[in-house]
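Okay, so here's just one chain, in structure tokens, the form predicted on its own.
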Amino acid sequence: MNTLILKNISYGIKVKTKKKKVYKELFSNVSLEVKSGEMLAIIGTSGSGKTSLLNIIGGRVASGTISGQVLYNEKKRDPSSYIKQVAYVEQDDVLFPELTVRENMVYSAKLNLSNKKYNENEIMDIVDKYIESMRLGRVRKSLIGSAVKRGVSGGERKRTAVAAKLIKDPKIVLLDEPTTGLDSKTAESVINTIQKFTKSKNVITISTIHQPSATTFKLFDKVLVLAPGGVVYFGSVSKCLNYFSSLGFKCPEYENPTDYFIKLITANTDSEQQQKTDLERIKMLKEHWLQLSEDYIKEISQNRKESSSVNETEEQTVEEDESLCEQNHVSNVEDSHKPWFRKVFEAGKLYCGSIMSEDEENMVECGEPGNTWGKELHILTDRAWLRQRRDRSLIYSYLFISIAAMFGLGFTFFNPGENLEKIQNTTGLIFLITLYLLFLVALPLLLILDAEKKLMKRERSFKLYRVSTFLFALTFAILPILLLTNFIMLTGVYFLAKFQPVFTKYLIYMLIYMSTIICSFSFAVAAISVFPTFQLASVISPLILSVFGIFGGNLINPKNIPPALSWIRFISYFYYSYTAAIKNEFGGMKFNCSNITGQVCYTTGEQVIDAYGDDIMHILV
């Protein structure tokens, strides 16, 4: 029998006002006890702190101030072991629309269940058992779908999300608004399925829920009614109506109890007098329950003394912009002033601890994920490629852009001319190719990588894999598409624009620009990693790339750049790519100046290279 106890939990955050930041307490003195096989519903008004309380229980709060005790089996929670026993189903589920119900569950199982303990067949058997227990057998081969492409129903999607988290056989199940967006009948079906799992597996289930139907509400064993600032009731669902009736608040015969409770703890702002009356009622309800809860806490404490030795008191206070709670995650809190990975991802490891500071010595390492590094990479790469095969929009987009650029550039420079005309046209074309491989490779990736970053943050919050394996898998899934589609463009332009028909020249040309593509991909990954938001990355990245282009060697001769700015070109991969391509194309080239009079004429390609201010390290071509 497992038991989860909260004693006098209070939580507050700092809120920005016009002049300064002020402390706002979301709730205080929350006490409850839930045992194995019980389902607890948390209901309350918007902004009362329902999700925050759920995050505290799951150890997922990343800013604010917490005080009180959270005890699991009458002991202080151990971060490294507690996280493994908790399944957290978020309101916005992490399901891949291009994968089937079974495929989503299989990949979740492979990441959650260590390959050191389970082989492939055992994992598949576990997945099939959960598919049947969640009544998903009929749609196991159906795509999850999205707003664009139709897939399973809302109820089936929600049951899939729940099943994917339950696969690791947790002892505590936390659900954030699992019935949001579902009709009454479907919501009841989802909660009924969760109730059967709770009873059969003897787990603790806690769920925030928004105004469930009366039938759905009765499926829960206990309820916590959370008003702004504190609790007005915690206890059995069957006794809640009698409790409020004893205070003079009897629920009308045909009204949904949860709707009535929400009315009791909501202040009507239509008139000042009505608002004052409602606030006094809410204050009275909180004060009355606080008195009762003090007796309840004494009873719990007495029971603990009788059944076990003295336990340590857990009290956490963490100031803003510091991670806190036993298990630290950043999945629900974005820090607009610091890079998203600054405190959580340190050398690809996940850190836990009651307080996490910037001093690494104060961090408690949570340990490596269950799978080996190679197995993780295999799972993530396989999943990434399957998603790419199902949703080919990225492949088709880059293929279309590459073919359009091939014909556009190739036929524009189809007639390169002779002597000075050829020099002007060829250098201009090389500049445009290099510019294309900066902007039209890096910038479109930002939106894609931003979505992948959010996915990684959420999955990493459950310690499913290392950062390094995700990065390699992402590279293996996207980079080949960039290289292959642009190979078509580069090859077409090379021959249409009549570059030197020498195999070694073509080979070096391809190597130069393949390296440029890799640099552009790396630049996009770095930009979306360093900048905290996509909007900021999409604004700053073009500015940086533009600076690279300006000092790339074509728009201004490197010999004429002021010394104070000349260093910029040496950090620009545009400069190295452009200069290398110029050397490659003009190296060994001969020009006929016999018919040219009255103007400068270069007789060799080396003279052209020197005239364009090539002063970087020698590149063998």
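Numbers for residues come from their place in the sequence shown, where the first is 1. Please read these numbers as outputs of a predicted model, since none were measured by experiment.
Below, we turn to the form predicted in complex with a small molecule, even though it does not appear here.
The unique member of Gln69, Asn29, Thr51, Ser572 whose heavy atoms fall within 4.5 Å of the small molecule in the predicted bound form = So the residue touching the small molecule in the predicted bound form, by this definition, is Thr51.
One stretch from 43 to 51, 580 to 588, 550 to 558, 30 to 38 that, in the predicted bound form, holds residues within 4.5 Å of the small molecule by heavy atom | Only one stretch qualifies here: 43 to 51.
Using 4.5 Å between non-hydrogen atoms, is Cys601 touching the small molecule in the predicted bound form?
-> So Cys601 does not count as contacting the small molecule.
Considering only heavy atoms, tell me if Ile13 and the small molecule come within 4.5 Å of each other in the predicted bound form.
-> Flag for Ile13 set to yes.
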